[in-house]
Ligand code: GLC
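There is one chain below, alone, in structure tokens, taken in the form predicted on its own.
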Amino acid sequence: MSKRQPKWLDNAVFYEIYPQSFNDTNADGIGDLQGIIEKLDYIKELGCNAIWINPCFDSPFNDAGYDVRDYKKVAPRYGTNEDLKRVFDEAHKRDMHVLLDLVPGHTSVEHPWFKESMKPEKNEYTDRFVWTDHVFMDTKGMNTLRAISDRDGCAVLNFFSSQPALNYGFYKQEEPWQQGMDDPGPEATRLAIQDVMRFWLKMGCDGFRVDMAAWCVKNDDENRTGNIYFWNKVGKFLDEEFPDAAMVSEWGNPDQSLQGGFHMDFQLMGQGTNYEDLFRCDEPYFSSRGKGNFKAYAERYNKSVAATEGKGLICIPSGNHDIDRLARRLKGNELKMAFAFLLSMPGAPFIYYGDEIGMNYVEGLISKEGGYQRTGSRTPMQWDDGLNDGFSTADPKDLYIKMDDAPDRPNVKAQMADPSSLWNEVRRLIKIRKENVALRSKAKVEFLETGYPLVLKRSCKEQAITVIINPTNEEKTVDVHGTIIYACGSAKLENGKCHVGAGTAVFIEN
């Protein structure tokens, strides 16, 4: 386990940028790094002080950049390595940190490493990927590429057919071709990925979000012992060379990931966390209908906290590039209630670009770069009411993904000008979070009520705050003493009771 926890995470609020959809400055219809630089002041004004940028490396883009062709080169459509260095430098001038998206589990079939591994003659890259011994063999249910070169064997895949799995070994070796985690091939692969990390960290990157972190070592046990072992090695490398660098894992089980080299783990839908119960089911907890279920989420969350106490941060995102937009199931004031929860919980919050204005999930789009059903969550950012909503000056037909054409679609300019907007509420919530130590990343949480309203208590040695969130259409009353420091909606404290109006969130310092 990593022995360090970067201090800057204590009060970090992240903003996730899908670069191709964020801000286009050269009128080619695709967002770029200069576009990110232009909007750093916007992100800072919102209150976020850290950024996660989805993959921006050279790629054939069969999977939106998660099929890397060159780990050390920025994709030309986004700019150059020098442009990415400027992103780091400009962010640091604003006291902001930047995470890049690391894809260690696989590359593109076009990566030079894979092309070399395809050769029948043994070379430096023969064992860089997972290959079987023979083309004509049972691959035990693994998806593979067969007969793609003169090398006799099948290449194991991680996700799409264009993404061959890098070789970090097998926790349980069941076939002669399956190498152990400490064998020369897997060790060489780990060192190669560490070299990629070193390259960007030396340039100014502050760490990485790690794609498919739980699936690097193959044939693992149910506790992911092999992957924990592997990431502890990587964590040791960071401890020694880059002690202020941070890593957040796509793992979904902090009980496991925070035992490894990670400082943060996401709680995401579909991974046994009950995250979907809150925002993305037929009756989300934060719907005003008041038919949702928070209890199962609280139980799972408490279990994770007990298993990971002091080892790292459990992070709850508003969404990301792989799941439905928050606004697909929640509307209007319901979004404010959801953000009151997201921004009052422990861990470092992550806001997916556009969620701060309630951007829609756009139905019925044709898949773009392997997005399929995810494409509806990847539409261009809506900055104003001008051409292409301010995202680009390109012809609309040339945009990376078509704009949302809903007549009531939100935009940043209008919401910044409206004191009652979601954008201004998110900004207020981030400000309150930063100003109160009990609302930051490491302060404890206790769920006092998990029905309606939701009542939780955040506390540390300096401060205690009770958070009450009532998304329903009915007023609720809660026994509590203290002083109101934040309210969205109607809340009144009298005689040891707080009367919490319909669709209201209130924070009370005790």
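Predicted, not measured: the structure shown is a model, and the values here were computed from it. Start at 1 and count along the sequence shown; that's the residue number.
One more form of this protein should be noted, the form predicted together with alpha-D-glucopyranose, which is absent from this view; the next part is about it.
Asker: Residue-level question: is R374 within 4.5 Å of alpha-D-glucopyranose in the model of the complex, judged on heavy atoms?
Answerer: Contact check for R374: yes, within 4.5 Å of alpha-D-glucopyranose in the model of the complex.
Asker: So in the model of the complex, does any heavy atom of R209 sit within 4.5 Å of alpha-D-glucopyranose?
Answerer: Heavy-atom contact with alpha-D-glucopyranose at 4.5 Å: present for R209.
Asker: Heavy atom to heavy atom, is K402 within 4.5 Å of alpha-D-glucopyranose in the model of the complex?
Answerer: Contact check for K402: no, nothing within 4.5 Å of alpha-D-glucopyranose in the model of the complex.
Asker: Please run the contact check for D322 against alpha-D-glucopyranose in the model of the complex: heavy atoms, 4.5 angstroms, yes or no?
Answerer: Residue-level check for D322: yes, a contact with alpha-D-glucopyranose.
Asker: Though alpha-D-glucopyranose is not shown, can you say which of E425, E334, E250, D355 has a heavy atom within 4.5 Å of it in the model of the complex?
Answerer: Looking at the other structure, the residue within range turns out to be E250.
Asker: State the residue from H263, R128, H97, R378 whose non-hydrogen atoms include one within 4.5 Å of alpha-D-glucopyranose in the model of the complex.
Answerer: Looking at the other structure, the residue within range turns out to be R378.
Asker: Of these, 157 to 165, 80 to 88, 187 to 195, 414 to 422, which stretch puts a heavy atom within 4.5 angstroms of alpha-D-glucopyranose in the model of the complex?
Answerer: Flagged stretch: 157 to 165.
Asker: For the stretch 54 to 78, which residues lie within 4.5 Å of alpha-D-glucopyranose in the model of the complex by non-hydrogen atom distance?
Answerer: In sequence order, D63, Y66 come within 4.5 Å of the partner.
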